[in-house]
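There is one chain below, alone, in structure tokens, taken in the form predicted alone.
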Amino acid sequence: MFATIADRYDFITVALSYGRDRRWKQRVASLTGMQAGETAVDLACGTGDIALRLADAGGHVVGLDLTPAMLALARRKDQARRIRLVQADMTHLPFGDASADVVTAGYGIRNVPDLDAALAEVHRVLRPGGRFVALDFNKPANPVLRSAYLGYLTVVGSVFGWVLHGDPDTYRYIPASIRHYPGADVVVERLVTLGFDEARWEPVLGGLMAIHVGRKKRRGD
């Protein structure tokens, strides 16, 4: 499915965010506190937007995605070859323990089949004191708001799917994934359980979106 939508992915993220997607991704990069020389891994990197922002800060950046078509688009954006691109699964990261200072994800943790396994892998590859920052849709706790939100995404996704791909089901994965997603509060709880401190989430777009932030505990914390 992501191979199908790859060439329209940037357009859709901008359209569904009312043009705010780039600002949110810049906020993700800023919240990492990325320093020159540090190592970062951007999970579900898509077309490379967050990874390139981390590279702008002087980091050694790896962009990871499961879909070759997304990685090809990221490589096309990265004309200067500032990031290394890897095809791999978020639940089985091909990196050593405590090998990264920063891990990010943009619209990735909501889609992973096993959220706990993915978050455990994030914790494993981060060095003590390392930072995790992730942007994603949220699942509103209020049932009326949640129903309206999912209904809106279903209708809008169907229209975009029909216009862009001739298939109204193409973008219905977004509300479907939100229905099975525990929501931002639960993600923070799981980060704390894994051994993150300073774990929290920032509401975006009135809480319909969320940026999760956590720091892996240092030894002795």
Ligand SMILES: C[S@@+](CC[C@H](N)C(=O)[O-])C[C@H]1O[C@@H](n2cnc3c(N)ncnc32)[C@H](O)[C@@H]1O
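Treat the numbers as computed from the prediction; the structure is a model and nothing was measured. Each residue number is its position in the shown sequence, starting from 1.
Keep in mind the form predicted in complex with the named molecule is missing from the figure; the text below concerns it.
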_I need the one stretch from 178 to 186, 152 to 160, 64 to 72, 192 to 200 whose residues put non-hydrogen atoms within 4.5 angstroms of the named molecule in the predicted bound form._
64 to 72
*For this chain shown on its own, do Met34, Phe95 and Leu126 all sit within 4.5 Å of the named molecule in the predicted bound form, going by heavy atoms?*
no
*asked:* Although the partner isn't part of this model, could you tell me whether Leu115 comes within 4.5 Å of the named molecule in the predicted bound form, counting any heavy atom of the residue?
replied: no
*asked:* Even though the partner isn't displayed, in the predicted bound form is Gly59 close enough to the named molecule, meaning a heavy atom within 4.5 Å?
replied: no
*4.5 Å heavy atom contact, Lys25 to the named molecule in the predicted bound form*: yes
*Is there a heavy atom of Asp78 no more than 4.5 Å from a heavy atom of the named molecule in the predicted bound form?*
no
*Along 2 to 25, which positions have a non-hydrogen atom within 4.5 Å of the named molecule in the predicted bound form?*
Phe2, Tyr9, Lys25
